[in-house]
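Shown below, as structure tokens, is a lone chain in the form predicted on its own; questions about how it binds or moves come after it.
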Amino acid sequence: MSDSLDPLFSVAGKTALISGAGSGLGRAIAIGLAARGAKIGALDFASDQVQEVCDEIISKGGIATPLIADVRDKAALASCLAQLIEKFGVPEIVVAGAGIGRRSPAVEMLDADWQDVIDINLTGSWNLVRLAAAEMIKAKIQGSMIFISSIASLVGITNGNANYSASKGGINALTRTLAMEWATLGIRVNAIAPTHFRTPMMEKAILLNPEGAEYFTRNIPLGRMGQPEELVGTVVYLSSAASSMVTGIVLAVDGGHTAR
């Protein structure tokens, strides 16, 4: 694979670490960056899924290695990072994309459902970027950190998402704080806030409630949900020299959702 874009948008030869790479948005991002010449460390807790992603990348001429860890497990993450560095070098691109949803009305929400979402979506993302940043700083690598936030961090959405919205709001605050802290080190930190995208998690929700698709698109002026591949261009932009003066932003990729 090679990067056919203008050099300003090139990610060719860069090492990228992507959590949540086994499915959904993370999978699309891993495949998309690989198609443009990045060397991919595809991280997920689901070993079969992440292996499939790497096999697909390699079958198309790309470079990838599977990394198996739960983002809540700092020791496992550190081990995966060491494996990646040994194989491809210190990452210059880190995408914190691992996340889950556990919906229920606020007064009925189980403590475990609150805690699991916060632990994976927020603390897990923090674990990943903190460990990666330490290696980047030690190696004097100037790179790009990208959090996957959500439209739920910017506007109120469907009932039952208090835990998810809180986790993504925390991501936005973390993005701005780390952007300030790491700016002088040349590490840029940004977040992407997608609207509803047709990921496996979303498809399951629609199967449970077929009318959900219409509900999800009601507040999207473009009139449809996004496809995971439609996030790749934004990641390429934030990973490349094209965004060299961009840090600390939460960029909505939302079909006009927040323009209403």
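Note that the structure is predicted; figures quoted are calculated from it, not measured. A residue's number is simply how far along the shown sequence it sits, counting from 1.
Another form exists, predicted together with a small molecule; not displayed. Remarks below refer to it.
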*Specify the contacting stretch among 68 to 76, 176 to 184, 103 to 111, 130 to 138, defined as having any heavy atom within 4.5 Å of the small molecule in the predicted complex.*
68 to 76
*Should residue 39 be counted as a contact of the small molecule in the predicted complex, where contact means heavy atoms within 4.5 Å?*
no
*If you check in the predicted complex, is residue 61 within 4.5 Å of the small molecule, heavy atoms only?*
no
_Does any part of residue 11 reach within 4.5 Å of the small molecule in the predicted complex? Heavy atoms only, please._
no
_4.5 Å heavy atom contact, residue 51 and the small molecule in the predicted complex_ = no
*With the small molecule left out of view, choose which of 189, 93, 81, 120 has a non-hydrogen atom within 4.5 angstroms of it in the predicted complex.*
120
